[in-house]
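Shown below, as structure tokens, is a lone chain in the form predicted on its own; questions about how it binds or moves come after it.
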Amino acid sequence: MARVNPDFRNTLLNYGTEDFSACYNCGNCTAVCSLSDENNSFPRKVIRSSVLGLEDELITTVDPWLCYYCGDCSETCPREANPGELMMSVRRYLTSRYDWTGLSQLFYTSKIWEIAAIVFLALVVLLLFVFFHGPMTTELTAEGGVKLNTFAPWKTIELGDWIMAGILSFFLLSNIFNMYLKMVVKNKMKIPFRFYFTELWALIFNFFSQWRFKKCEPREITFWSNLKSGKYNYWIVHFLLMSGYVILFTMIVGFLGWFQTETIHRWYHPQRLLGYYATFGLIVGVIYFSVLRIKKQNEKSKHSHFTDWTFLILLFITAITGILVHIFRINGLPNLTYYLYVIHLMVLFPMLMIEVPFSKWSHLAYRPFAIYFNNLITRARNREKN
């Protein structure tokens, strides 16, 4: 028999949801959802588990991650129970349950903890530069650029990047493994070993494309008619934001010696084009989603958690300071380049350390893995039936 937590409603309120007790389980939310199907009938099932306090049942379900929050369920709810916002809050709650360190819970339920963590990590970066930076020379390169690698040698920064990436990978992958234990192992699903390989394509495809976001837009007859009419705006901008972040992170961690160079390449060089694309994607994405949240004209943007704004602000400052460092460097402005480079890393480091394993960016990993796990579970159940 499922164990009931009578205080579970208050738990979810701490993660940003509004009072969802008005729901009387009519099922309208599931009926209008374009992503719900016979195997995963959300949000109705998730709401019911939340209302009844079936916490253990909720932790083992994949359904909250299959929702991409189009807002249709909240717009058509006859009781104004706002199921879309509940699903978002449940995802925050589940993130804290996968995280074995307890940091996600602190960051999602306390503004003070998140701000303090950001300030602390920023000060760590500042102190490292205060005591270990190289000469702040005003001598320029033969091309007229700033000698940034004299002040901050790329090999030293790269070593720090690798250490950071190792820490991030450890926490994120261990949390994903915890997610796997709760969704697959705890449900006592017997997954044939070959399924893990045959379904791997879905994980890769959905991580890089975030294609299910597209299904949340009102659709015309063909892909091109949707594109021309602007129906895929949300997906396109989200893809720009995500791809820009992935490119920037890859260049910083894997190719810093190529990216942080004192050579001033032509504007059409791949190094500069990739940097410009990443910056464009981040800035456009941040502005687009910020405007939506400020205007509150559609359902998916009416309710903002404080961590949503923290994420957008950090991302915007990271993108702006990064492109300014590039502009100052190639135009031979040494002091501005050095100081802004430090500020850039003081924002970038806390953003990655907090957002990737414990907060908003972790959802980019949890969503495709949830689809992957769901495919494994579905195929295993179909195999048992046959």
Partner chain sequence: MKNNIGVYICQCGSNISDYVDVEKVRDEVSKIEGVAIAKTTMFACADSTQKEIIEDVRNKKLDAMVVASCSPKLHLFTFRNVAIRAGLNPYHYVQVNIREQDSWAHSDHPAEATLKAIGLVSAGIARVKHSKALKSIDIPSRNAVAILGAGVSGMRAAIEMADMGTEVHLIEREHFVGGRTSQWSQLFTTRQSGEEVVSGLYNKIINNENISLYTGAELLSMKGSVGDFKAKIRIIPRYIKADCILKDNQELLNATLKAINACPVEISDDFNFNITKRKAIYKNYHSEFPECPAIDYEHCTKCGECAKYLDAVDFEQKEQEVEINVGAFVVATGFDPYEPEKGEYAYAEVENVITLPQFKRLIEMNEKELTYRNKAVKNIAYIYCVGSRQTEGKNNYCSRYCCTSAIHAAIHARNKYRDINNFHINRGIRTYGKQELLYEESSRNGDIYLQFDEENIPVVEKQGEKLIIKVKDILTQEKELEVEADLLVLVTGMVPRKHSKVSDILKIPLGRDHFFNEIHPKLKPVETVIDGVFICGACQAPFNITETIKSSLSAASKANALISKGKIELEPTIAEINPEQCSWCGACTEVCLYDAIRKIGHNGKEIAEVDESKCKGCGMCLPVCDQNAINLIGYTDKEIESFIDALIS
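Residue numbers count along the first chain shown, from 1. This structure is a prediction, so every number in the text was calculated from the model and none was measured.
Below, we turn to the form predicted together with its partner chain, even though it does not appear here.
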- Query: Heavy atoms within 4.5 Å of its partner chain in the predicted complex: does R3 have any?
  - Reply: yes
- Message: At 4.5 Å between heavy atoms, is H133 in contact with its partner chain in the predicted complex?
- Response: no
- Do E57 and its partner chain come within 4.5 Å of each other in the predicted complex, heavy atoms counted? yes
- Query: Wondering, does K45 line up within 4.5 Å of its partner chain in the predicted complex on heavy atoms?
  - Reply: yes
- Could you spot which one of I323, M353, I317, V51 gets a heavy atom to within 4.5 Å of its partner chain in the predicted complex? V51
- Position in contact with its partner chain when the complex is considered in the predicted complex, options H265, R293, R79, K147, heavy atoms within 4.5 Å: R79
- Partner contact check in the predicted complex: of 24-32, 353-361, 324-332, 339-347, the stretch with a heavy atom within 4.5 Å of its partner chain is 24-32
